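A single chain, nothing else alongside it, follows as structure tokens in the form predicted on its own.
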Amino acid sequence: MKIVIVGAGVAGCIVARALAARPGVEVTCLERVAASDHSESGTGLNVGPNAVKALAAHDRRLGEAVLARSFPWKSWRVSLTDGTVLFDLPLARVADNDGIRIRWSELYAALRGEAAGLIRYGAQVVRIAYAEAGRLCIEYDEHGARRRLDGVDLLVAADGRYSVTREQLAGAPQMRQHGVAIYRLLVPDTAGGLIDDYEQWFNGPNRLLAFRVPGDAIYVAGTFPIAPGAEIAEDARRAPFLRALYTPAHGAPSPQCRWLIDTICANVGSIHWARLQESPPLYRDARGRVLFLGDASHGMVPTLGQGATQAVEDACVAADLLVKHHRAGALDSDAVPALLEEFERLRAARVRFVMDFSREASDTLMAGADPVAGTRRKLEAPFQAQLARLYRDITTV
């Protein structure tokens, strides 16, 4: 059984580790960046309690390796930029365990460290095609040399929102734009204790978000409405515009928001920009030998922090399913299409719920939104029940 994984990110590493040293299984994981390159690994992120729960159930040692590089995420607090508190939720009310706050680079280091020896770094996939006996052929460039893998029984596409694998085998997904600009930044912690666990602040629909991560750093993110489908204007990327977005019309910013606004304006040249968007889910290709995981499968809006979180859930289910079939002596080339159908049956409803709920929770970010009324609705029973379902109900094999 020959398995190739494209992408040594969250999902790719979890699956690679689960398949390591399985008799009769040959695993290769191709990662286009060098082992030391974290230039495109984002800045920081919060990982939901549901991912922590799923990873602990799948592989306790791997879960502990991730926890060792993170801070716990215990609460969710929302205020206006003048300091008026709207929402203060201990996650213990809606979750069975904490989430985590971590740097992307540290998450990758933990996961890749546990999959050491299986990853080929600097390997850029250039061509994927079906060949003899319905199996796959993969061509890739590795440090300037063209290489080829033939007779691949299963390809696991874990290469992110702009997946080369998905584009080549199923076409690039049609992104749905929601009319919100997003930016993120990682800065040294000079806040003097003002910023710690997960918090958000609103001035109209313009939102700030921040939390502390290991390494004496603070992750900062912001959003503001733009026309749906529009690009982010150059003027909107400059300090005067950003300062005006978050400064209350009446009164002064709270000490937390004053620090955040000043820090953002002092670091505009380091900001990473994106737009609030999502793509339609795809779990397998038409011929049944390619499994899509994480953002390659379902790019979702980041409002509830479920991008990496769902990549973890996906990977744990895929890995457990593959291991289950292997232990039963049923993991062979002929079984792959049915196995991928089983994965889709296990994950489709859960992913649809998470995507829809994440989009619905983005209501306070849209043009004309009332963040006070919208945030207070999130304290009511219907939203809290959905949140508990999100954080507690994981897919099991």
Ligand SMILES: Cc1cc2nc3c(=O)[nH]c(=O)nc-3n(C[C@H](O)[C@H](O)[C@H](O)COP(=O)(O)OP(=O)(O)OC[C@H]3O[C@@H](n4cnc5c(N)ncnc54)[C@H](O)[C@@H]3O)c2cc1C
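One-based numbering along the sequence shown. What you see is a predicted model, and the numbers here were worked out from it, not measured in a lab.
Another form exists, predicted in complex with this ligand; not displayed. Remarks below refer to it.
The stretch that touches this ligand in the model of the complex, counting heavy atoms within 4.5 Å, is 304-312, out of 234-242, 304-312, 261-269, 189-197. For a residue to qualify, one of its non-hydrogen atoms must sit within 4.5 Å of this ligand in the model of the complex; all three of Ala11, Tyr108 and Gly160 qualify. Proximity of Ser362 to this ligand in the model of the complex: non-hydrogen atoms within 4.5 Å are absent; the residue sits far from the partner. For Arg112, a non-hydrogen atom is located within 4.5 Å of this ligand in the model of the complex, even though that partner is not displayed. Trp104 belongs to the set of residues with a heavy atom inside 4.5 Å of this ligand in the model of the complex. Heavy atoms of Ser358 never reach within 4.5 Å of this ligand in the model of the complex, leaving it off the interface. Think of it this way: in the model of the complex, this ligand has a heavy atom of just one of Asp285, Asp153, Asp295, Glu278 within 4.5 Å, and the residue is Asp295. Of the residues Arg207, Arg184, Arg166, Arg289, just one reaches this ligand in the model of the complex with a heavy atom at 4.5 Å or closer; this is Arg184. Taking this ligand as positioned in the model of the complex, the only residue of 215-240 that brings a heavy atom within 4.5 Å of it is Tyr219.
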